[in-house]
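This document opens with one chain alone, in structure tokens, the form predicted alone.
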Amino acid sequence: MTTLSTGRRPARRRGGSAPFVLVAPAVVLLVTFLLVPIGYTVYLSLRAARVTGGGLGRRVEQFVGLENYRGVLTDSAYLDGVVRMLGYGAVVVPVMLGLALLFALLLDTPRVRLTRTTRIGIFLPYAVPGVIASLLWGFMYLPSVSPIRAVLESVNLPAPDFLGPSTVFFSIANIGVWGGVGFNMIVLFTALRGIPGEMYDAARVDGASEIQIALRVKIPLIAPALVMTGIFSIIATLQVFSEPAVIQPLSDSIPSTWVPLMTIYRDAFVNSDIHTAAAASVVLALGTLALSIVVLTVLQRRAFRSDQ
């Protein structure tokens, strides 16, 4: 009598190398365009150019450790730019997200008409490149051609100097708000459209007004979208460059170190000091990462905390 084997066959591996082949292009792009540039920037930040020999000498690179970082962290112009950048973000991010949330809530109201046209009109500034938007607003600020000043002067009202020392900060912040509201509004509006309508109906049956529904139903339910747009907006404001760089030739109130990225650009391409610029870039990147983590942690605790 033969005994039948009851052992199970080993499971066959399926897929083989297919997953690795599919992931390979993304890995190659990640390494080539992110990890390698970051590593090379860190490498440059640890070195410096020195002139050796007599006479005109010879320019050579040497390892200097953290010397470039000490120079960056003690550079008053760079630190002033960091403070100015943080102030810029403190103004732009709340105003931009506040307007985006307000527009999204208004467009999600049942009584609003022409929502598609209105959405396109609000989103359109985001489609304009930052340099072009800065040029457009720059001409609107320039006293000799500003239509805003012309309208105010025609009705005998005082026309402000948009490019003056006390106003240029808010003029640049206005460009950032104008260009960023549309994208955030679309994200928040999309999140609102994903909320089941039955929740609104139940709130209306309980006697809630549209304002109460917005404050007590809609906003809490789109908290994840608010956190995401908040983080993206903070990162964008920490990378502000094109707006002040474009406005700078129009105003004497914007130095070449107005924000950290302008200082980095000056060091790298004007002063040809690529090593100091690399160190300043690493400091800015680490600061952006740290601030993003802190803000994300705080917002997550408030937006996603469980009911106790």
Partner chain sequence: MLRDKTNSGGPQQFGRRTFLRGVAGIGAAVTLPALLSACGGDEEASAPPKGDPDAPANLTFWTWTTNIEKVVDIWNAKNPTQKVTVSRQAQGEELITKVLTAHRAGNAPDLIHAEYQALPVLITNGVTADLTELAGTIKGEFTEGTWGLTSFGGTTHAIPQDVGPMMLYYRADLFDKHGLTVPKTWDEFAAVARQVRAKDSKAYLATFSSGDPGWFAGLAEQAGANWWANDNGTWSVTINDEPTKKMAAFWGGLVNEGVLSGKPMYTPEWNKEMSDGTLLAWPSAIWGAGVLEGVAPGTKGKWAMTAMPQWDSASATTGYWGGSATAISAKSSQRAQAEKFVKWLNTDPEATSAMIKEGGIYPAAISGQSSPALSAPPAMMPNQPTFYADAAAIAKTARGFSWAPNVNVTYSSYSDLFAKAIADKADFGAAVDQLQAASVADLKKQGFQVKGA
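Positions refer to the first chain, counted from 1. On a predicted model such as this, the values are computed, not experimentally measured, just so you know.
Missing here is the form predicted together with the partner chain; even so, the following discussion is about that form.
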Is the gap between L135 and the partner chain in the predicted complex 4.5 Å or less for some heavy atom pair?
yes
For P94, is any heavy atom within 4.5 Å of the partner chain in the predicted complex, or not?
no
Can you work out whether V28 and the partner chain are in contact in the predicted complex, taking contact to mean some heavy atom pair no more than 4.5 Å apart?
no
G65 near the partner chain in the predicted complex, any heavy atom under 4.5 Å?
no
Would you mind picking the one in L221, A150, I120, L142 that has a heavy atom within 4.5 Å of the partner chain in the predicted complex?
L142
Taking V131, N271 and T276 as the candidate spot, are all three within 4.5 angstroms of the partner chain in the predicted complex by heavy atoms?
yes
Residues in 207-222 close to the partner chain in the predicted complex, defined by a heavy atom within 4.5 Å, in order:
none
